[in-house]
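To begin, one chain is listed below as structure tokens, in the form predicted alone.
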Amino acid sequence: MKYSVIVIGDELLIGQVTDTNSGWIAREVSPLGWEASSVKVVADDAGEIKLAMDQAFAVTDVVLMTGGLGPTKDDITKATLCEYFGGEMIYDEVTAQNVLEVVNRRGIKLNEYTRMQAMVPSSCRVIQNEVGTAPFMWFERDGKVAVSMPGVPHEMRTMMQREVIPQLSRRFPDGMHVEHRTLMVSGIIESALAMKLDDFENSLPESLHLAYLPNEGIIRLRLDGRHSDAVVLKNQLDKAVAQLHALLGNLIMCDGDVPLAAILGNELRKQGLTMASAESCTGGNIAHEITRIAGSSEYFTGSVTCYDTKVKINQLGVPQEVVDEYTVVSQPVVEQMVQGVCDLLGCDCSVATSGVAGPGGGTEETPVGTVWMAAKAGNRVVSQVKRFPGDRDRVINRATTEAMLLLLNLLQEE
């Protein structure tokens, strides 16, 4: 089964807001065995919305739409869909009650604009939004389905998981079993990994497909399987995963689509160790990533954001003479930083970063993108320098990833 996605909103076309909904939809619908035929972003314009609907229905039986369902005058999706599918706008009492309950839970007063969220096309079946005021609307004509959903990510994701995906799977069953396996890989670039797995890919049964999903120093290897027999599919996937482990060995960090911070946390928890971070150019981003993981307080003691050189010297004990001789972006400084933060916060392990994230501040010897990183585990300290391309955000994110990988690799060598 193929489906189309239409994302509606002027704010998306001018770059004020980034579309994250279409990617999320693709990831969530994929386990059904469905494939996206197209993703189109359109303005809050009735003609553009109708044209996108015509184009989508010409090639797919399901159209998933987000956006344009707010209470303000610039949100025209409901009225446009009423024109497209026929019928009239009606005040739905059940939807009105749902809107009132949502507003009351939020502790705000119901105004006229919000109350009018209960106006829906008579040609749709309403799926009540349990976490917002904009209703989800299911339209069906000539065996084809369109589902219009709010553009607010939290609302769309919550109700799509609870109601929309289950209803779609019942409406369009195909008798096929779909299963995915993911392996997290590091220490190798995508092209080299593809060369290493060339024979493996060529030997895969037709029911399996291997996808490479690289992101900032880590590659997710995803095996997608689709077969009419669930037992056969499971056996095929088990065999393929075992072959990948044999081929890649320590390049595989873990099985499953797991964030790097969680992989590092699991290793620390397994060894009964604690860690901290000393961050200059990453500005606390390592601590942010680690503490996004529930339960990280078991192994993460804290962080020192030592952006100013004085903090490196006064709080982390980096000698002034080391800074003077080597500069703050250097191997001796980050190695002193990992020791200093362990002493300060009383932890077993640590990571440190110092670099030039840009866009300014670079020199011929230390160009923008240069980052020194160190990791400490017990009495062992390792360090490395990287030169990352891209803008400031990318440098910070890559340095965050590489610093965590440095500590993870050190722990796994113990």
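Just so it is clear, the model here is predicted, and its values are computed rather than measured. All residue numbers are counted from 1 along the displayed sequence.
Just so you know, the form predicted together with a further copy of the same chain exists too; it's not on screen, but the next bit is about it.
Heavy atoms within 4.5 Å of a further copy of the same chain in the predicted complex map, among the stretches 79-87, 159-167, 234-242, 204-212, onto 204-212 alone. Although the partner is absent from this view, Phe300 contacts a further copy of the same chain in the predicted complex, with a non-hydrogen atom inside 4.5 angstroms. a further copy of the same chain is not shown here, but in the predicted complex it comes within 4.5 Å of a heavy atom of Asp308. Although the partner is absent here, Gly283 lies within 4.5 Å of a further copy of the same chain in the predicted complex, judged by heavy atoms.
Of the heavy atoms in Gly378, none are within 4.5 Å of a further copy of the same chain in the predicted complex. Of the candidates Glu112, Glu93, Asp142, Asp324, Glu112 is the one whose heavy atoms come within 4.5 Å of a further copy of the same chain in the predicted complex; the others do not. Among the residues Val382, Val41, Leu32, Val62, the one placing a heavy atom within 4.5 Å of a further copy of the same chain in the predicted complex is Val41. Annotation: in the predicted complex, residues Asp19, Glu48 and Leu344 each come within 4.5 Å of a further copy of the same chain through at least one heavy atom.
Taking a further copy of the same chain as positioned in the predicted complex, the only residue of 368-391 that brings a heavy atom within 4.5 Å of it is Asp391.
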